[in-house]
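A lone chain, given as structure tokens: the form predicted alone.
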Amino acid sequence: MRPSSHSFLAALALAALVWSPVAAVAADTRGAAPTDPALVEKIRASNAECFSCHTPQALKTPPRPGMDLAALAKYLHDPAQFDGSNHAGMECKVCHGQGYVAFPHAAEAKKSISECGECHATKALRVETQFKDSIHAKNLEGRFTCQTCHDPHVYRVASKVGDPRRIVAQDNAMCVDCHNSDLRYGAFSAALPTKKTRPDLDALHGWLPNTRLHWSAVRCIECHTPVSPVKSLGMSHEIQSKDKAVKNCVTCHAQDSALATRLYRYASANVGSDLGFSNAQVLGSAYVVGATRNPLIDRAVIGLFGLTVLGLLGHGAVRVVMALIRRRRAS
């Protein structure tokens, strides 16, 4: 998300948009895991070489003599997590470049690491357009990159995770890792002209009923990003400050809940109603007051309430009539 890369990304995005249909199809399938057995085995063997050093086990039993274990400890990964990430099926060297092929790695190896925009040009252009208006860009321009939030060795897009609870756990962890950590928050704050003290998240969200319950059920970005008018664009990267955050409960707690097209958009193919239930995909894993209402039950309750009122009025009218009749007889 470096400003200097805007023109480069724009050029890539423009090229991607004007490609022929054949090229477009190739680009769409580019990120898919390979199926050719020989290629799969080649990638597995290549990545196994990297993971022979870059795993916690290597710290206990170094595979090579004279390794700088203190430096290695900063770059450890879990092969199982990588195999479940967006980049599963890719060779490590595709992103890390030729500088990491030989060991010891080249002194300038980090310069050969590919930027996300080199593969995700179209998406990166859209994301950068949104990001430039975010609170992070305003406060931390030049120090905030895709990897600041999205660990490419672990992260999975919501469409691949599917389960809303797991999506919440993954995405909120990215926010909490900084905003609930004095160490990480302090490291970013140190770059600001005026150093900021990390705020108390619980106190900051004191207006929200059952704060912790909300954090476990919805993502921070549900309230801290604007809702896109185009559903196909997905979540916005325009992270907004607390002053602009959504505080209208009806945004989620309503029949046309924003959750249905954001957090729950991948939970089910059914995005309308099922068996008379509004937001059926929300109802499947959580109870959201106002968002999981059944229109049929609403009508039945209103009808029963109306009948109760009519019954009371009728009962009162009968008693008045009977009292008048008794008076006439008595006179």
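Just so it is clear, the model here is predicted, and its values are computed rather than measured. Position 1 is the first residue in the sequence shown; the rest follow in order.
Only in words, not in the display: the form predicted together with heme C, which the text now covers.
Heme C is not drawn, but in the predicted complex it has a heavy atom within 4.5 Å of residue 64. Using a 4.5 Å cutoff between non-hydrogen atoms, residue 209 counts as a contact of heme C in the predicted complex. Contact annotation: residue 39 falls outside 4.5 Å of heme C in the predicted complex, judged by heavy atom distances. Not displayed here, heme C is kept clear of residue 162 by more than 4.5 Å at the level of heavy atoms in the predicted complex.
Heavy atoms closer than or equal to 4.5 Å to heme C in the predicted complex belong, across 84-102, to the residues 86, 87, 90, 91, 92, 94, 95, 96, 100, 101, ordered by sequence position.
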